[in-house]
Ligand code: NCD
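For reference, the chain that follows is the form predicted on its own, supplied as structure tokens.
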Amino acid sequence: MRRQRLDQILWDDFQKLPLLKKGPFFQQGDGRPYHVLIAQQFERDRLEQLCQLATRIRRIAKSKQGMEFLASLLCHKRAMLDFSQPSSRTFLSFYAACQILGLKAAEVRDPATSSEMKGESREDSVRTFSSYFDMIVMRTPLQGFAEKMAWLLSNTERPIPIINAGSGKDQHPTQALLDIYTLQRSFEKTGGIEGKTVMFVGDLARGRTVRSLSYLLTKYANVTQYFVAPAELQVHQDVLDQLDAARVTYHVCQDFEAVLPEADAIYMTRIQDEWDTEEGQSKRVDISQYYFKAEHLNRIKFNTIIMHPLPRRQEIAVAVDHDPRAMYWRQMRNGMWIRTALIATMFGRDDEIGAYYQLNLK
């Protein structure tokens, strides 16, 4: 199939495309991702490959020899971590992933320290970064900005890959990848992700992690999704339209207690009050009945897992942390491994990792 390229389509035409039509523009000719911008660019086979590679990398990294091998793979490359929106977990996991692969990483985490304070546009700032680095990992409050910059750079003499590390309220594809990896590892002894029931709880209207993961779950057969939230924070129709198109079973409801016993995975989220359009907007919504408390551990199945993209507030009691079903700390560590696998794949080093694994660890 002929590769679709961002330098062969006008921006006005590209941004009007539905998400599923945009995915092929972000791929390399061999099917590996070039840019990583939306969940819709990933098919099931690529998800499986990335998860397998992440597991191999974490096993290789257990030895000094293995770490030296990994660190040699991309020691000739440089990465810019452009985080104009606050972050600790996502930033540090990408930074650690770069270190594992030997990439030399630089960062801009506050636009006040850049030439934007002198009036430079965000577009010009990012294009400046592309002059010095081989990849940009971008986290921004501007919806669609990572996608726009991928198109812009693809139409210059120096196109480089962009990874969307969170873009406005729309997408967080690498969070969805680490969530899939966590689900896969958690259910590897109970038939995998297929056939499981996933319960999303909290601020589903403004949580970009839910939007991305909900779509990726459509790649697995017979997964039932529950969206449990107060009406003001309930999932938007565009997400449900994607599930309808994929013929996925889902339920939209407000009764947290009633759904708990049904869930195989409970995905808790915090209130996203940074997106409030007026002061005190989120505080007017009572979310106390959507907190996971210690007593709820007796209401869920013995092999149900509890997830959270973090940071958390009161939505999961600290007393839950020591239960073996609390997966959110391992989920966070999984992010480092899957992002390492993703970057290695983007730069075509996945086959070398596979060969090293077969020779030394198989």
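Keep in mind that this is a model prediction, so the values were computed, not measured. Heads up: residue numbers just count along the shown sequence, starting at 1.
Below, we refer to the form predicted together with the named molecule, which is not included among the displayed structures.
- Out of the listed residues Ser154, Thr182, Thr140, Thr209, Thr209 is the one that sits within 4.5 Å of the named molecule in the model of the complex by at least one heavy atom.
- Contact here is defined as any heavy atom lying within 4.5 Å of the named molecule in the model of the complex, and by that definition each of Thr90, Gln175 and Leu310 is a contact residue.
- Contact annotation: Lys219 falls outside 4.5 Å of the named molecule in the model of the complex, judged by heavy atom distances.
- In the model of the complex, no heavy atom of Arg122 sits within 4.5 Å of the named molecule.
- With a 4.5 Å cutoff on heavy atoms, Arg109 does not count as touching the named molecule in the model of the complex; it lies far away.
- Arg270 belongs to the set of residues with a heavy atom inside 4.5 Å of the named molecule in the model of the complex.
- From the list 142 to 150, 167 to 175, 122 to 130, 193 to 201, the contact stretch for the named molecule in the model of the complex under a 4.5 Å heavy atom rule is 167 to 175.
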